[in-house]
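Next comes just one chain, in structure tokens: the form predicted alone.
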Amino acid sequence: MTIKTESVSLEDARRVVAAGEAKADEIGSPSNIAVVDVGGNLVAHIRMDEAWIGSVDISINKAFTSRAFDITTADLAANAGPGEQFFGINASNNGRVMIFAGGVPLRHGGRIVGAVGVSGGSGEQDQTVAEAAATAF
């Protein structure tokens, strides 16, 4: 049996990051933008000038979270509050799970092949940048 897995290439990741950077510039939100492959491994990351240093890990972990659970981090967050079905999920995976907006899966042919994570602005800004980045994929 042959198993074929598709994933984000470095070329893909560069295109996604560039689109995210352009949107972040447009809305005035210096951002950290990370792209992970199908296995949740980092392929590319940028920290724009003036983006928060503390958001480097957050952007990478948003991308990881989105790929690990094949969901936007905003949608995961909606189900991770007290009394919700995923309450406490942010403590899993050694604390890598991010439960706020800015992580978006990357799809090819109906399959998730990676994800993008953005951090540096408000949740709304991060989500806007991540969606623009994902659209470039």
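Each residue number is its position in the shown sequence, starting from 1. Remember, it's a predicted structure, so these values are computed and weren't measured experimentally.
Not on display, but discussed next: the form predicted in complex with a further copy of the same chain.
> Is there a heavy atom of D57 lying 4.5 Å or less from a heavy atom of a further copy of the same chain in the model of the complex?
Contact check for D57: yes, within 4.5 Å of a further copy of the same chain in the model of the complex.
> Wondering, does I27 line up within 4.5 Å of a further copy of the same chain in the model of the complex on heavy atoms?
Heavy-atom contact with a further copy of the same chain at 4.5 Å: absent for I27.
> Would A74 show up as a contact with a further copy of the same chain in the model of the complex if we use heavy atoms at 4.5 Å?
A74: no, not in contact with a further copy of the same chain in the model of the complex.
> Within 30 to 54, which residues have a heavy atom closer than or equal to 4.5 Å from a further copy of the same chain in the model of the complex?
Heavy-atom contacts within 4.5 Å come from D37, N41, L42, V43, A44, H45, I46, R47, M48, D49, E50, W52, I53, G54.
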